[in-house]
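One chain follows as structure tokens, the form predicted alone.
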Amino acid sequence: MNISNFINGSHSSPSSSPSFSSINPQTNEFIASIPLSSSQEIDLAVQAAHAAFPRWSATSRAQRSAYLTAIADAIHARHEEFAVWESRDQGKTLARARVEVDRAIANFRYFATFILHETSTARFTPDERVLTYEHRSARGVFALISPWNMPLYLLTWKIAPCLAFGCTGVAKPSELTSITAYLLSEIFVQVRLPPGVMNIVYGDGSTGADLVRHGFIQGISFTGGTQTGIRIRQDTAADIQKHLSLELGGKNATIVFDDADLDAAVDVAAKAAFENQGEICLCGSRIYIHQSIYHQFVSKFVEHVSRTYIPGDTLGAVISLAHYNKIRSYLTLAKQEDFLLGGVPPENPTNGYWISPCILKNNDNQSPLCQEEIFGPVVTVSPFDTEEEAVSLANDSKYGLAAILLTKDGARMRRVGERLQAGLVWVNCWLVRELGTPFGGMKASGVGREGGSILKMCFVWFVFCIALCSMRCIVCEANIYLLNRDI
């Protein structure tokens, strides 16, 4: 398969630019050639989006809703094709890929209906002589950069609201997982999305850098590593008008209290640690267990994971040889006696990049195994004595993306949950999403929020104050955090 850029409504001829070989992580076999787009090709894509913006932003919400619904229907009709290629391209199990295709469809359906019921706000000043109301205008062209771990789902999580609220965009998937993005571009042709409204280009980090620095880009939605997020902020520091939404790394804590339903807690903690081979930024890779149930929990946890997560069956391969070696390098830091399950994988894998689940005892919260994002099927388990210690251990990280709290105590859910330095806290569940909930991290896990009733990513917000013949305009912005609020 030869992948080609999708610019201004059509697939471009094969570029003379260098290409990247996409490898099936499960077999180590070549599956596609991915173009590494030049700066000239990026400029063509952004110019196309810029030219399409005035007309697209002026279309009615009903028209945009119809396009999003058509896209959702078309993906649904090719559901298994998308799932099979997502599995082959990323290494995840076919069952996991099917779930993510379902979520991609849901992204388009949710925003297709959301925009039909949008409301505004009007307020009187205290003396009731001035009426203020909010007017929202689409921002312009967005750069939408998605990662390799959940390629279709996270790409559509960016594309759907961008289109819904009248923005145009240039999307760039990871060079490691570009095939379902290409299939999505075929869907755009099928539903006759107007040329230039959404463009898809392929390439590596240099391609992304050309995209975010382009002068016509008004906003950037990026999901990926923290170091790349820092680079984006540096590259756009002088472009004060550019809106940044950066969802970055995570080293998330799972806290198990002694009143938790033990079997249910084991199941939730295992899913949070090993779903999608641990290659989800929201994975709970640090488990802190109350001392009184520590040994009982760990025994059940090891048995459950060894029975449930089997490489090649319910556990996929990790994305690439480079990532395999990264995970392996962390595992070599652990002592042999620290392995409760798993071990250091072979130095030279031959038939795909398979790593068995690893559960490690941990007595040092400052260890790289506890502090750095491994992004693989590796989890540490540690005991704690008091609620205060649990909160301290969980917050002892430069990251603040998510946390999982397992307890039956309703007061503790709020008392502990609101003290955790995480943008999203799950209680007795994990990876449950309601698309109206604002999503994003704290600390080194990023800035900005996506989703939610505000959806400020897509809009320029104005507050108009109307008084006789005078009109005044000020910019109004607000961030909403789940549990932890900063307005």
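So that there is no doubt, residue numbering starts at 1 and follows the sequence shown. Quick caveat, the model's predicted, so the values are computed rather than measured.
Omitted here: the form predicted together with a small molecule. The next part is about that form.
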property: Contact flag, Asn362 vs the small molecule in the predicted bound form, heavy atom cut 4.5 Å; result: no
property: Contact flag, Arg231 vs the small molecule in the predicted bound form, heavy atom cut 4.5 Å; result: yes
property: Contact flag, Pro377 vs the small molecule in the predicted bound form, heavy atom cut 4.5 Å; result: no
property: Proximity of Thr223 to the small molecule in the predicted bound form, heavy atoms at 4.5 Å; result: yes
property: In the predicted bound form, the residue from Gly284, Gly400, Pro173, Pro161 that sits within 4.5 Å of the small molecule by heavy atoms; result: Pro173
property: Candidate from Asp267, Asp338, Asp204, Asp409 lying within 4.5 Å of the small molecule in the predicted bound form - any heavy atom; result: Asp204
property: Triple contact flag Ala72, Gly140 and Pro194 to the small molecule in the predicted bound form, non-hydrogen atom at 4.5 angstroms; result: no
property: Stretch from 304-312, 389-397, 258-266, 244-252 whose residues place a heavy atom within 4.5 Å of the small molecule in the predicted bound form; result: 244-252
